[in-house]
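This document opens with one chain alone, in structure tokens, the form predicted on its own.
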């Protein structure tokens, strides 16, 4: 009987390993997406600055998708980590003054990510107290506190005038930020790609599966032995670190930081992007950021006074009639064409 139990356990482990291996496989649409994204820098060099904005926005949305789409933590203050990362990177670049370790953009990304991870871990204990409505209020409150601190500490942040003298050095001491933004876009896109790979591995690991279980039913997940709070603390910390890196990219590639990085619209916009692209899909953050930015530019150019109305209408229609946002629509077409499930 013991042998039977051992064999059953081994069989279950084998099936679990096969499941994770299958989910971790890369599929041809993914290769095409990333190759196309990198090719844009050379095919349309005059639009590199716009592409850079999309890459940063996609990383910011990816950070929220980890928190909302997989951990199920609803946040209206995720922009606090974005702004904190921007200020940390900006202050480091200012301290380096174009030379030395502090001026290396990659060093700024690392420190910004660590700083936001620490703050995210500390605040996660506050966020996890209570249900969704309580979490909404706590996250919003944390973001408002950060914004007011940045305003009050004008001697450090520059206040309403913004942080002046941000001079990031060469990337890895080799590549300099050019006027047209191609190096900036490649830098942001490479960062997005590397962090996406990490997020993909995390989500397709036992940790990621446990997050799905918690999001589905936290009480049941706890009953089968999953440490719910520890998993949620971890997911919130990862999301905060990713948001901080996104903010650092913005500060470095624009060489300027203002109070706008901590404004509420940052949190609201990224929430719309995640919903628009598809919650809990990872790629929805990237597709949603590109679609959101494209719609924003098109509608703002066509109807400058009413673009928000049309954008809101499109979002409402998408939520009502397309399950899973843009990725749900794309996934349905992919399933029909191939008969297989899309990548997560």
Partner chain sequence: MNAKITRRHTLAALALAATALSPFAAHAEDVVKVGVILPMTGPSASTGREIAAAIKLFQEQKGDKAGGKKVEVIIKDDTGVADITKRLAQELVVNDKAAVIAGFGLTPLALAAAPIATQAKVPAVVMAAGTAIITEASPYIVRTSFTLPQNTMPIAQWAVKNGIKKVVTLVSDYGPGIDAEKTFVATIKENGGQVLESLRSPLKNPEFAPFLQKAKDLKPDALFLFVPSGQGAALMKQVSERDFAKEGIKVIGTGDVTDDEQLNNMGDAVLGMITSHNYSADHDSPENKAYVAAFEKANPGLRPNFMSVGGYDGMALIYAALDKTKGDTDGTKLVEAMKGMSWTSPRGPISIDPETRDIIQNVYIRKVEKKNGQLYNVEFETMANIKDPFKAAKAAKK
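Positions refer to the first chain, counted from 1. Since we're looking at a predicted model, the values are computed, not measured. Heads up, when I say rigid core I mean the largest set of C-alphas that superpose within 1.5 Å between the two forms.
The form predicted in complex with the partner chain is left out here; the points below concern that form.
Trainee: Can any non-hydrogen atom of residue 30 be found within 4.5 angstroms of the partner chain in the model of the complex?
Mentor: Taking the distances in the model of the complex, the answer for residue 30 is no, it never comes within 4.5 Å of the partner chain.
Trainee: Contact with the partner chain in the model of the complex for residue 180, defined as at least one heavy atom pair within 4.5 Å: yes or no?
Mentor: Because a heavy atom of residue 180 falls inside 4.5 Å of the partner chain in the model of the complex, the answer is yes.
Trainee: Answer yes if any heavy atom of residue 315 is within 4.5 Å of a heavy atom of the partner chain in the model of the complex; otherwise answer no.
Mentor: Residue 315 lies outside the contact set for the partner chain.
Trainee: How about residue 254 - does it come within 4.5 Å of the partner chain in the model of the complex, if we only consider non-hydrogen atoms?
Mentor: Yes, residue 254 lies within 4.5 Å of the partner chain in the model of the complex.
Trainee: Okay, which stretch from 66-74, 48-56, 272-280, 315-323 lines the partner chain in the model of the complex, with non-hydrogen atoms inside 4.5 Å?
Mentor: Comparing against the partner chain in the model of the complex, the contact stretch is 48-56.
Trainee: Does any residue in 234-273 get within 4.5 Å of the partner chain in the model of the complex, counting heavy atoms only, and if so which ones?
Mentor: Result: 250, 254, 255, 256, 258, 260, 263, 265, 266.
Trainee: Examine residue 305 after superposing the rigid core and state whether its CA is displaced by 2 Å or more between this form and the one not shown.
Mentor: Yes, the C-alpha moves 2 Å or more.
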